[in-house]
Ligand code: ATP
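Quick setup: one chain, the form predicted alone, written in structure tokens, and binding and motion questions come after.
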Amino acid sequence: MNTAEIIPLKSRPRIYARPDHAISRKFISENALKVLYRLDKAGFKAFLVGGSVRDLLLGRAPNDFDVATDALPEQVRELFRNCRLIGRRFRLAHVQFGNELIEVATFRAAHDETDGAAMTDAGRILRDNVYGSLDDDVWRRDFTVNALYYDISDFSIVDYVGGVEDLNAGRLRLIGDPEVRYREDPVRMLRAVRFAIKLGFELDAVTFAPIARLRHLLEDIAPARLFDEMLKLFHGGMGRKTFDALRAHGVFRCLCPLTDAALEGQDGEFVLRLITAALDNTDLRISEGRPVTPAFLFAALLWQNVEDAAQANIANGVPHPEAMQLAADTVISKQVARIAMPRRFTNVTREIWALQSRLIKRTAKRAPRLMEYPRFRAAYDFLLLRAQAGDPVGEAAEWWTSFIGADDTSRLQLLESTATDSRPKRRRRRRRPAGDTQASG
């Protein structure tokens, strides 16, 4: 891991003229160029900024294009009829072109230290609508590689913080004092992990050092915001590597404490195999352009907790279906207190869990009907993952695989041979010896 000095919050920018960099307008969205040109023509400063500049310099296709300007949000709205203003903590202008959204942000400046309404006692920013100049704005950004500005007026790149050098070195660094920046916004710790994995960069030592000491601050972040961050972490195509990195840095336990406890429990090896199999499946689907849902991933993350809670309910005399439903209610309510997964997803997670016993306890009469359920395919895929991870459900997984791919005659034969008494039994997996703890990454 590299060592580096804290980047001082005062510096003169280095200007990379058009011949000195590889960004070409032919790789920039036409709609982003429209926004940049119109702002420039109206007399405002206009820069492409952030991840799009970073990705263009790396030779990658940006996912989106963000613009920074000295125009106030209301002035941006006057220039674009297809614009709406959003946000209270961070006021932004969104300019919509069909399916493409161009986000326009006014230059931000640092807060006055006496402005208690904008910042908590711990240093976390509550509002970020103090406007300033380009010289101010760069210091409000997080990482050097995300603080590069492409100037539409002369096609140059403005670099205050050595971002171009860090791109070339494959290094991820925070701007300013990392401890202060993490306290301003603890989510930056998640972003540090995500960008390091996404870009294949090394997390520099000064940026990395405070994470273990400050990761608990993530527990104070709004659950709805953490859900958005979870999507970025695990639905970016590198979920498996991101998960490993989050655990290695001790951050995962702040997001999913129930899952972290299960990973450290007696069935931790199974839990780890199930989660990594689910993440590998998600990464593969994303690479193939197929849809993914957080409901499936959360089904894997919380399955062990639900099983354990259901077994405790059954031991207290609660019938199996009700025991499973009560367990799902308990586990989901605890998890959404930390990460607020919307009900449209938690409902799907519940259905995936509820269908597991029905897939195992199949009958000749019920099996064909199960295939008509909207969540059948997701529940079947989850059953396959359980079998792959070592749950003793391989026979049921093989039967359903044969049944799905069979013709009518073969399906009839499979139905005739189906056991009518296949009540799901408590799994029996090899457990770790007492005192043997799960590796953290």
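What you see is a predicted model, and the numbers here were worked out from it, not measured in a lab. The first residue of the sequence shown is number 1, and the count goes up from there.
Keep in mind that the form predicted together with this ligand is not shown, yet the notes after this line are about it.
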Check: Pick from Asp142, Asp308, Asp267, Asp159: which residue has any heavy atom within 4.5 angstroms of this ligand in the model of the complex?
Finding: Asp142
Item checked: Arg247, Arg215, Arg358, Lys198 - the one with a heavy atom within 4.5 Å of this ligand in the model of the complex -> Lys198
Note to self: Based on heavy atom distances of 4.5 Å or less, which listed stretch (389-397, 46-54, 31-39, 405-413) is in contact with this ligand in the model of the complex?
What the structure shows: 46-54
Notebook entry, point to check: Quick one: does Asp70 come within 4.5 Å of this ligand in the model of the complex, counting heavy atoms only?
Noted result: no
Next item on the list: Indicate whether Asp381 is a 4.5 Å heavy atom neighbour of this ligand in the model of the complex.
Entry: no
Check: Arg188 near this ligand in the model of the complex, any heavy atom under 4.5 Å?
Finding: yes
Next item on the list: Give a yes/no on whether His94 approaches this ligand to within 4.5 Å in the model of the complex, heavy atoms considered.
Entry: no
Next item on the list: Output the sequence-ordered list of residues from 285-322 with at least one heavy atom within 4.5 Å of this ligand in the model of the complex.
Entry: none
